[in-house]
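Given next, in structure tokens, is a single chain: the form predicted on its own.
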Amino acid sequence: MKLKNLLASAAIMAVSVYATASSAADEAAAKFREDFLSGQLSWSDVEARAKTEGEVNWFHWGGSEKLNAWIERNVVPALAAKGITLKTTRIAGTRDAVDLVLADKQSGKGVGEGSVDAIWLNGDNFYTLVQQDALFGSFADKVPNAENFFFDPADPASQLNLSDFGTPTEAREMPWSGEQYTCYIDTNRLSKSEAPRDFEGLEAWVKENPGRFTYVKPPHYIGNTFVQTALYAFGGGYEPFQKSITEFTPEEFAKLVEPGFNYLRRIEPYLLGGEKAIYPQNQAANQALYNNGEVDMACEFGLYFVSNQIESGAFSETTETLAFPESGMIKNKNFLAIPSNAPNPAAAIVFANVMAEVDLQISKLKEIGYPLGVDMAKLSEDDQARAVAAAPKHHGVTDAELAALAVADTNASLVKVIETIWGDYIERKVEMPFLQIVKGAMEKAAK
């Protein structure tokens, strides 16, 4: 009995010691967060704590071997020089990392206790973390390399840094790269003169050439973006889609999006697969359809995508980027965000700052064709010249043409509603009035 009591007492003491140590660690992490966000720490203080933490856990899309190799070749040694080990978790979808952050938060893991230090994200994933108050705070304008970005609300050049799919960033994420939604064709199969330039032209072309086009299935972001672009074309442009869903009544939103969804229904019988339309699950599947000659035109994010694919031998040299649609091609930036419960917050901040270094940004552009996240006009003349020289060459379009067609992405609060409507109205063809479908989608998104 005495032995049992002794073991029980030891167990209680062990739990107490663990709880005390854990509490002390939490308090230290909380104090670091408070002191950093209030501007009480020097950059050397941040780097010293980051070195003590010793590692950073970065969750990012791992579908590109070129990207993964670039990270190992460039980012790992850059952080090692600062005493930080980079641990990467390659995920198929950003939502996986967001769900992990929220699961940690819901299980009571507070500041310093989570599993994720940094996430590569944008759009509705950022919006979700904002809604759940799951972000570290306004760090991006407090690091040395903040000088490489426009963060002034009075300056129009700051727009892509200050708004992420309509959600104010408030420096809670660091711009890392940027992309534009583009389409491409094989001119051996479809000449530029015959290629569609707008959605009306696409409808006429698919009717004349049934089965030669499709788009990625929502809710994959590639598919979402095609749908949103179509909604822009039939809903008065991109401006109405910058508003939050809370600013619409169901009747107003139904009126805005119904013409675009009716268009998507009209073209569906002429897509790949005909009456049983085939929507590829992701960009890799879409690229395979294109490479196999099953479709003549495909769309996805990638300002330099065609150049990169031709250079790697993945696409034929007769592939060209298409300026489609002429009503506007969605452009945005993607970011690095730090969760509120990041286990190594100082290392995460140093990591974000390193990723915004000009040399690393230019090497990213040159070696893997990922556009700059830093703002060109903020760079020195020499660095601007280096960036221009590093950029891949376009095929079929010019930078000026793409820039002239760039429009803002959809407000993140609309994305889930649009996804649900597409699933009901296009995929499942639910037999109920369109307004009722919209009401159901808005109610689901509000939960």
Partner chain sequence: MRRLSLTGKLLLSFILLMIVGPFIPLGISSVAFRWGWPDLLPSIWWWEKRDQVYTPLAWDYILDPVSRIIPAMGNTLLIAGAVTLISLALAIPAARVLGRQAFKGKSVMELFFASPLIVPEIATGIGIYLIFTQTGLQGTLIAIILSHLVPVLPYLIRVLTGIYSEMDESLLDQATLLGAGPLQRFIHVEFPLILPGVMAAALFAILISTNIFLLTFYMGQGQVETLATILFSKLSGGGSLDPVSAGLTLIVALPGILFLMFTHRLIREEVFAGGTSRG
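Residue numbers count along the first chain shown, from 1. None of these values were measured; they are calculated from a predicted model.
This protein has a second form, the form predicted in complex with the partner chain, left out of what is shown; the following refers to that one.
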item: Candidate stretches 173-181, 261-269, 292-300, 242-250, one within 4.5 Å of the partner chain in the model of the complex by heavy atom; value: 292-300
item: 4.5 Å heavy atom contact with the partner chain in the model of the complex for all of 98, 357 and 370; value: no
item: In the model of the complex, the residue from 204, 377, 92, 80 that sits within 4.5 Å of the partner chain by heavy atoms; value: 92
item: Contact assignment for the partner chain in the model of the complex, among 138, 132, 145, 316, heavy atom within 4.5 Å; value: 316
item: is_contact(residue 72, the partner chain) in the model of the complex, heavy atom dist at most 4.5 Å; value: yes
item: Heavy atom of residue 66 within 4.5 Å of the partner chain in the model of the complex; value: yes
item: Any non-hydrogen atom of residue 59 within 4.5 angstroms of the partner chain in the model of the complex; value: yes
item: Contact of residue 102 with the partner chain in the model of the complex (heavy atom, 4.5 Å); value: no
item: Residues from 272-307 in contact with the partner chain (non-hydrogen atom within 4.5 Å) in the model of the complex; value: 282, 284, 285, 288, 291, 292, 293
